[in-house]
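One chain comes next, on its own, written out as structure tokens in the form predicted on its own.
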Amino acid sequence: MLSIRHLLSEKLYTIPSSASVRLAAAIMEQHHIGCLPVVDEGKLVGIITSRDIRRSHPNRLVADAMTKKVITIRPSASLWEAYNLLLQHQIERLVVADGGTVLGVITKAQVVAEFGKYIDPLTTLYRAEIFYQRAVELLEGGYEIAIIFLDIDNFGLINKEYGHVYGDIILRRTAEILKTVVDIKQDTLCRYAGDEFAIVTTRSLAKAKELAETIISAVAQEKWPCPVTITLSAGISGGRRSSLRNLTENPGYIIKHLVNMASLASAKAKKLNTPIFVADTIELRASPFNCCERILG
């Protein structure tokens, strides 16, 4: 996923704390912007927003009207980080700064609009890009992770028998079930591709397996509009033996291989006619990736 850097406009407008509120209001109106970083001698000392201006007399100094506590973010930060900061602090804007230098401002509306590009329109779940971004961030943050890979059994046959419209109904309803089961504090859920879903979680391997069991049970118990039984197969990888992982390895490389192993485990579950299969170096030794043993969680 792209960093927030590309959301910055080419022109940056700032104002010193010694300026008047009237001048700040005029600059914001002229350039159709909602705030100005307050910068004195190259140092960020605050931010003045249109809300601050409405609450202040035009003759007051910016220093008296501005908000002194400024939430900043690095230009290399991801949309995910920006979105969480905005929610955490319940603010509408973030000042983007690098090494003390103010580069610009991004708004919540910008971040939400950009996020929309990474939302699957059919299921409203994240697309795979968000899943990978979140997984990498968790690894870089020192978290142990597990990957749960899920796909709908015999979905191609269902499409042929009842048509793609009904297939879309199944996909949407399956996504709704998954959303009610996952915990967004621990789990990031996405529609990976077609009838495949994936979850990256900070749960232990045992807890990840429990989550997969809960999901599979919930889908199996759903009453579908046509006389079919919808079931899922799940493959799980990661969540253990992190001490054996090469910590200098590229996190993105690790994630791709963990996803591949979870996908192979899901296929193995189908082959063995069992709902869940947990990836193991013995069973999956035939994988084309030689580093399975090294990257297994």
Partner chain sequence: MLPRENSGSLDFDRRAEIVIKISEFEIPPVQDVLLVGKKAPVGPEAVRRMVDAVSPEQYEVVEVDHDIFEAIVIKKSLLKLIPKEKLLPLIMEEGSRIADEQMVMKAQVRISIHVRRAVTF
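Please read these numbers as outputs of a predicted model, since none were measured by experiment. Positions refer to the first chain, counted from 1.
Separately, the form predicted in complex with the partner chain exists; it is not shown, and the next lines address it.
The candidate stretches are 260 to 268, 23 to 31, 51 to 59, 226 to 234, and the one lying within 4.5 Å of the partner chain in the predicted complex by heavy atoms is 51 to 59. Proximity of Asn273 to the partner chain in the predicted complex: non-hydrogen atoms within 4.5 Å are absent; the residue sits far from the partner. Not displayed here, the partner chain is kept clear of Thr14 by more than 4.5 Å at the level of heavy atoms in the predicted complex. Contact between Ile254 and the partner chain in the predicted complex is not found at the 4.5 Å heavy atom cutoff. The partner chain is not shown here, but in the predicted complex it comes within 4.5 Å of a heavy atom of Lys68.
Applying a 4.5 Å heavy atom cutoff to the partner chain in the predicted complex picks out Ala63, Asp64, Lys68 from 62 to 80, in order along the sequence.
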